[in-house]
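As a starting point, one isolated chain is supplied in structure tokens, in the form predicted alone.
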């Protein structure tokens, strides 16, 4: 057992995906260097230190994407790095970057360089987003015939259901993923393998005491939250459907990418697809106490293209959670956290 345990780094260790990943890595016996923006945030520090095995196998580091050199110490001596952190809101104090996109790209480049300099890191696993993988054609007029790892979201188009925040997120995730994948093409790429997991909308459970934004989107038809619902509509607009994946499957996929002897490249990471109307139908059938108004159904749905999620599966990964389990667990999480007025 001990011989298979690794020393790994997880950036954004107190976030939704990051905290679940830290917990699973600790359970599997690995030593985890987890970063968070502020070690003075006692609630987040206490939360992470309360995880099983944290007393002996978890080391916390302060590091901020807006100061990417801070990750160097956390990465030092590790064999694998999971880069989960991403800037969501621009720091107005920043004189170095004009927006979150510049910060995200510079951050991922600095972290990859730190991995190379460490001389111990074998693989960098980047938590990407399927929002960077739209099959829309470059002119925005229709979808390509198939969505697979070759698809990239056009970042210079305008979208009906987007806003400045959503577009900043899409642009930062798209350009940061392209930047980190470029390390696989570098002449010294044998020093570092890079894997990116373009994850669908992540939902299900949470270790946090509040719902993540992605769970908020999944539950928006039940809560009546128009802001989160626009996120669903935006996903369907750029992807044709809503790709969904359970938080546990997401983290198992990350660990799977660590455990493979050799692995590099881009992988779509999503268990199922559903349209907004299909999600609404599921809720109406299984949770009839909730009344979903017409405002929160998908209306006329545009043409969809074929989805190809097989690349990761062909490597040997198996998804355990279907649509029903993802949505049921999300509803249970919502109830536990008091987001419904039932």
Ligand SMILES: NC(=O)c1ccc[n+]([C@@H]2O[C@H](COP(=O)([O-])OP(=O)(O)OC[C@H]3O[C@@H](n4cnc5c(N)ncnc54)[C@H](OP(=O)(O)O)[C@@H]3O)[C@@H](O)[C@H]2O)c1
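Positions refer to the first chain, counted from 1. Everything quoted here is computed from the prediction, not taken from an experiment.
The next section is about a form of this same protein that is not shown, the form predicted in complex with this ligand.
Peer 1: Can you check whether residue 169 is within 4.5 Å of this ligand in the predicted bound form, heavy atom basis?
Peer 2: It does: once this ligand is placed as it appears in the predicted bound form, residue 169 has a heavy atom within 4.5 Å of it.
Peer 1: Is residue 17 a contact residue for this ligand in the predicted bound form, using a 4.5 Å heavy atom cut-off?
Peer 2: Yes, residue 17 sits close enough to this ligand in the predicted bound form that at least one of its heavy atoms falls within 4.5 Å.
Peer 1: Can you tell me if residue 34 lies within 4.5 angstroms of this ligand in the predicted bound form, counting non-hydrogen atoms only?
Peer 2: No, residue 34 is distant from the partner.
Peer 1: Just to confirm, residue 107 within 4.5 Å of this ligand in the predicted bound form by heavy atoms?
Peer 2: Close contact is absent here: in the predicted bound form, residue 107 is far from this ligand, nothing within 4.5 Å, heavy atoms only.
Peer 1: Counting heavy atoms only and using a 4.5 Å cut-off, do 65, 128 and 173 all touch this ligand in the predicted bound form?
Peer 2: Affirmative, all three are within 4.5 Å.
Peer 1: Could you tell me which of 221 to 229, 196 to 204, 255 to 263, 143 to 151 sits within 4.5 Å of this ligand in the predicted bound form, going by non-hydrogen atoms?
Peer 2: Stretch 196 to 204 is the one.
Peer 1: Considering this ligand in the predicted bound form, which of 238, 272, 84, 180 comes within 4.5 Å of it through any heavy atom?
Peer 2: In short, 84.
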